[in-house]
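The chain below stands alone and is given in structure tokens; this is the form predicted alone.
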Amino acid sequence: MKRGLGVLVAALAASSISAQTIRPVANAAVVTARVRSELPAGTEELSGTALRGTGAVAFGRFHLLASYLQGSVQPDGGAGQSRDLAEGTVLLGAVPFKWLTLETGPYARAYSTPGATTQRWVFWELRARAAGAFIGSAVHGYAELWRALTADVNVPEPFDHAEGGEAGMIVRLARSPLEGRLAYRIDHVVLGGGSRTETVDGVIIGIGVAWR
């Protein structure tokens, strides 16, 4: 956590804050989720659909972002139990350069199965995102990578490391706060020296408003 905050502070100190206008952002998205758990006893694969809402407030080169996702995933092939899936993030971000965004904060995920203990995964992440226009000013592409600095998980295997990323494009309508998003994301967690891995990936299709 301290390392993540230190990176943000250094980036902010190196940047001048010119515009002090508060800019709100909000969007909603449909997320296709695929979960793959690999253990010595075998591999479990589940898939489903979830809804995600995101809100952010930007002030100069700073921003605060929060998101929440909820849905359910079912075993591929029909055997086994479905899981309720929930995720939430709270991130503090900075924009040291126009094309680069740095963020840090907690990211939590929970799997809930009827009659079983809820699995909870909490990561403190450091994220870096690069973005730029590639079709005039209407379409922007971006790529984001993240790494867990610390983690707390309530599964038997000890946590090793976690990382992931997201890549996609944002379409912004001229003279309008409306924007559309299409992206692909993936998270990968390793536990117990590689004896257990958890991978979650999926496609994001969303629409939102961003006042600039």
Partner chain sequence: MKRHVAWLCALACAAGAAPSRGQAQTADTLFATGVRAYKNLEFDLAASLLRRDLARRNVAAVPVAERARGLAYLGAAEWFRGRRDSAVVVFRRLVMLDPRYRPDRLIFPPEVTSAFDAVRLQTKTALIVLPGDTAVVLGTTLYRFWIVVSSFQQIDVSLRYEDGAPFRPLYVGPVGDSLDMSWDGLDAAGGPPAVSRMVLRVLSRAPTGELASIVQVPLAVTLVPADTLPWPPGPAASDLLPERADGAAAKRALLGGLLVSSAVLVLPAVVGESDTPSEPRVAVAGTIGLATALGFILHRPGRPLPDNVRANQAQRDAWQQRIASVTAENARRRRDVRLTVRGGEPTTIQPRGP
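Please read these numbers as outputs of a predicted model, since none were measured by experiment. Numbering follows the first chain given and starts at 1.
What comes next is about the form predicted in complex with its partner chain, which does not appear here.
Asks: With its partner chain left out here, work out from 106-114, 127-135, 91-99, 67-75 which stretch has heavy atoms within 4.5 Å of it in the model of the complex.
Replies: This holds for exactly one stretch, 127-135.
Asks: From the list I186, L149, V57, L39, which entry has a heavy atom within 4.5 Å of its partner chain in the model of the complex?
Replies: Looking at I186, L149, V57, L39 one by one, just I186 meets the 4.5 Å heavy-atom criterion.
Asks: Sort through G53, P177, G180, G165 and report the residue having a heavy atom within 4.5 Å of its partner chain in the model of the complex.
Replies: Result of the distance check: G165.
Asks: So in the model of the complex, does any heavy atom of T199 sit within 4.5 Å of its partner chain?
Replies: Contact with its partner chain, yes.
Asks: Can any non-hydrogen atom of R34 be found within 4.5 angstroms of its partner chain in the model of the complex?
Replies: It does: once its partner chain is placed as it appears in the model of the complex, R34 has a heavy atom within 4.5 Å of it.
Asks: Check whether V203 has any heavy atom within 4.5 Å of a heavy atom of its partner chain in the model of the complex, and answer yes or no.
Replies: Close contact exists here: in the model of the complex, V203 approaches its partner chain to within 4.5 Å, heavy atoms only.
Asks: Taking any heavy atom pair closer than or equal to 4.5 Å as contact, tell me whether V153 reaches its partner chain in the model of the complex.
Replies: No, V153 sits far enough from its partner chain in the model of the complex that none of its heavy atoms falls within 4.5 Å.
Asks: Going by its partner chain in the model of the complex, which residues of 131-153 come within 4.5 Å of it through any heavy atom?
Replies: If the 4.5 Å heavy-atom criterion is applied to its partner chain in the model of the complex, 131-153 yields A133, F134, I135, G136, G141, Y142, A143, E144, L145.
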